[in-house]
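Just one chain is shown here, as structure tokens, and it is the form predicted on its own.
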């Protein structure tokens, strides 16, 4: 007798139709002081935080009936793939496009929803931050598969299905910054690379072609700001919108760096 397939429980959903009240932390320029504004918009079913920001942009009037400027924010794919819309919602870094108002209300109540920019990156304006550091760190670890040309190379090397499944999980990283915002070791002015980069080292080093640069990638994360700076808070695991196996990644990084160090010592 075949067991019935497991059906995950439905996500909690609020039935409240009260106006949506949003408190937004704003900043006009990188060097200007931050301030808060409150907005109230009519409720509509199935709204996410991006659609809330769009509604405010269409009629930028505060809850106190003061006309203001539209809120600056980022959005692109609207389906939790690009990672650009990360903001801090009620104190937690998450994607505005997948943060549903009904779900937030069901779990966190009908009170005002607070929106803030990520605090671990330089402010550009309002909810927009400069995430250049994340992409520079990917360059640092050669976050790509090297090729020696674009002519027909024939079939690539075979990958074990279990390894392929593991790599696919890591490939879902959006460079969104949630893991870094939640990390107590990652700050505006230090060199720590964080879970995002270490996971990509595991991803590219696990690819048969990517192994060409495997030692260089490990060297990059074994120095200043690398894996030894992790305090094992595991906040990254809790907030990752793609549920990447980041705890396993840190374990892999420790083992891989130890093996590499021993090999390097005996092959000098």
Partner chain sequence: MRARRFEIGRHRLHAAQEIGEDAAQVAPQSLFDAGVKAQVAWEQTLFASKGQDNPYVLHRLMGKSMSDNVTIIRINSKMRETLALLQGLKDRYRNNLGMPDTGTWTNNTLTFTKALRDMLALAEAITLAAINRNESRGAHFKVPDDKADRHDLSLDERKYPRNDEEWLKTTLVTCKQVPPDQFPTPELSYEPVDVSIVTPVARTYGKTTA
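Predicted model only: the values in this text are computed from it and were never measured. Residue numbers count along the first chain shown, from 1.
Keep in mind that the form predicted together with the partner chain is missing from the display, and what follows is about it.
K.L.:
With heavy atoms only and a cut-off of 4.5 Å, decide whether residue 171 touches the partner chain in the predicted bound form.
P.N.:
No, no contact at 4.5 Å.
K.L.:
Can you work out whether residue 212 and the partner chain are in contact in the predicted bound form, taking contact to mean some heavy atom pair no more than 4.5 Å apart?
P.N.:
Contact check for residue 212: no, nothing within 4.5 Å of the partner chain in the predicted bound form.
K.L.:
I'd like to know if residue 29 sits close to the partner chain in the predicted bound form, meaning any non-hydrogen atom pair within 4.5 angstroms.
P.N.:
The answer is yes: residue 29 has a heavy atom within 4.5 Å of the partner chain.
K.L.:
Contact with the partner chain in the predicted bound form for residue 228, defined as at least one heavy atom pair within 4.5 Å: yes or no?
P.N.:
Residue-level check for residue 228: no, no contact with the partner chain.
K.L.:
Please pick, from 159, 82, 124, 92, the one residue with any non-hydrogen atom lying within 4.5 angstroms of the partner chain in the predicted bound form.
P.N.:
The option sitting close enough to the partner is 124.
K.L.:
Among 40, 68, 234, 207, which has at least one heavy atom within 4.5 Å of the partner chain in the predicted bound form?
P.N.:
Filtering the options by heavy-atom distance leaves 68.
K.L.:
Looking at heavy atoms inside 4.5 Å, which stretch does the partner chain contact in the predicted bound form, given the options 197 to 205, 214 to 222, 57 to 65, 239 to 247?
P.N.:
Only one stretch qualifies here: 57 to 65.
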